[in-house]
Each structure stands twice: as structure tokens, then as C-alpha cells.
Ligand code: MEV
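Okay, here we've got a single chain as C-alpha cells, the form predicted alone, with questions on binding and movement later.
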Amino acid sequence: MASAFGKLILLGEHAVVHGCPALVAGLQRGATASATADEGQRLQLGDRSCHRGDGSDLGQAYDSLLTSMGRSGISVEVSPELPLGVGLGGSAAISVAIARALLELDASPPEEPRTAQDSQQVFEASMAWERIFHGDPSGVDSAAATFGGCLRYVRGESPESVKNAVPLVIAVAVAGPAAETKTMVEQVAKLKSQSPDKFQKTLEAIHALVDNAQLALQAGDLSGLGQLLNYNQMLLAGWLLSTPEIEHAVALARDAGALGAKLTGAGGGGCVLALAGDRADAIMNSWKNEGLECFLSKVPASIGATTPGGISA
């Protein structure tokens, strides 16, 4: 059984599309998959199913992934562990789990791929899948799904593993139906064309927040990291990416003692993350009392910072 991580963008969403770095954390849950030799070439994804190249988006994505890995005559069963379409990298997690399941067919005994070459192949297969659904993805979701932990990601460059000196306890809530990622990306691009100088200043501000957040992670400064999350939320709201539902969920988390809280992902709906510290129960109860779907995830403290290596978008 192969598995993959979901993802949270801690800081830098949308700015990463325009060349800024983003800080990303892998979620403990994502997707699992198993593969079998089968000429039917069927993909079972939860309660959805397709066949390779059957004309559906899902069938086309499956075909692109198999083609990327040079495979045929394989059927796969996938179990998503995240709500889909809300900015948690569920699609990338599914694709990475599938790619790893394909590699497991060659392993004896089956085991997760660990070599740089395997990781490169998994990443490229995930990107082939993601292009069907997202057009021109930055690659950040696929990188997080492949490696987990904390990553600094710049589009077109190898992801850099970032040392977090202390564990991160992160609460996640679904604050409302997510908008189409493509729509939100186009909205931000429109703001850039309307006021390029103002847009550039915001990009520079987000870049500075990401740099300082990386230092805070490495120093174990959770309070400082939380404040940087709050500042990023303010800038994202200035790009009209927040919603009343997001703002309400953010306020609930902060009132319950979160060190910081913000939207994560494309915005326009979707998910909110809160750096929980020792207030995880209070934050979760506050959200649950409002009827919000929510869960906790933990990013363990890392031993050191290394470059995953070999990955290019």
C-alpha cells in the first residue's frame, strides 16, 4: 500500500505563481493507493471510477500519469484521506500515491520509493496528472505530496527542505466551498495588470514574510511564526482572496488562542489553518461549535535541513 501527503501552504500562496518562494508543510493525511496488473486499466477513486483514456478528465489524468511512467496494463484503487477541492493538495496526494503504487509493483518486497531517481519519476508523474486539472501548476502541491515535512518552494527550482526546530501543531478547518483555483489565479493576475507597482510591493512584502517565517521555523519561534501568518492573511485579503466565512474561521481560531491563522490555498473559500501551539483543543471546539469540518495535523521537528534533490518543475 503506497501513501502520499496532503499539503498546507503556510505562507506564499499565489505569490509563488509570480516567482516568490512559498513555505509548505506536508499533512499527515493525504491518500493511499494499491496497484494490480489488469488489462482493464481501471482507476477506482473513492466512489468514482474511470478507465484509462475514457474521455473523462479523470481518465485523461490517469492516462497522462501512466504515460509519464511508461506503464500500461495496470489498475489502481485509491482512498483519499482529505476533503477534495478545498486547497489541501488532495489531487497531488492522489497522483503521488498512484505513482508510488506503480513503483511498488516492481519492488520485492514492496516498499516506498526512496531514491532520488524514484522521487523524480513520482514528481514528474504527479505533474502530468496535475496539468490535466490545473493547466500550468506551480508544482508546490506535488513537491509537498512527495516529500512532506516543511519545504521552501520556488517555481522551477528544486524544493528545499526547511528545518523546523520544534513540532508544529496545525488545526485545519473547511471554511466554505472552494473557488476554482484557475479563477482565483486569474483574479490575482488581473490585479497585477491593473496596478503593477502596487502588486510588486505586495509581492516583495510576502517574500519578506516567507524569509522571516523560515527563520522562525528554524529557531523554533512559534509566536513569531504565528504573527507572520497573520500578516500574510492581511495581504491575501488585500488581493480579495478572503471571504466572510474565511474571516470568521480565522477570528474564531485567534480568539481561541491560536498563535496565528490564515487561509491556505487558492482562497475564495476553502480552508483555514491555525498554528495551534497548546490551544489545539480550544480551537477545534470553537470551530466544531460553529459546525465547521476540521482536523488536526502535526509536523514533527526535523533533525536537519537537506535538499530533497533532483526535483524540477
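Owing to the predicted nature of the structure, the values given are computational and were not obtained by experimental measurement. Just count from 1 along the sequence shown to find any residue number.
If you look for the form predicted together with this ligand, you will not find it shown, but the lines that follow are about it.
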property	result
In the model of the complex, the residue from Q233, Q121, T181, T243 that sits within 4.5 Å of this ligand by heavy atoms	T181
Answer option from A261, A266, L65, A31, heavy atom within 4.5 Å of this ligand in the model of the complex	A266
Location of this ligand contact in the model of the complex, chosen stretch of 191 to 199, 131 to 139, 219 to 227, 204 to 212 [non-hydrogen atom, 4.5 Å]	131 to 139
Partner proximity in the model of the complex: L296 to this ligand, non-hydrogen atom cutoff 4.5 Å	no
Contact test in the model of the complex: V162 vs this ligand, heavy atoms, 4.5 Å	no
A25 within 4.5 Å of this ligand in the model of the complex, heavy atoms	no
L11 within 4.5 Å of this ligand in the model of the complex, heavy atoms	no
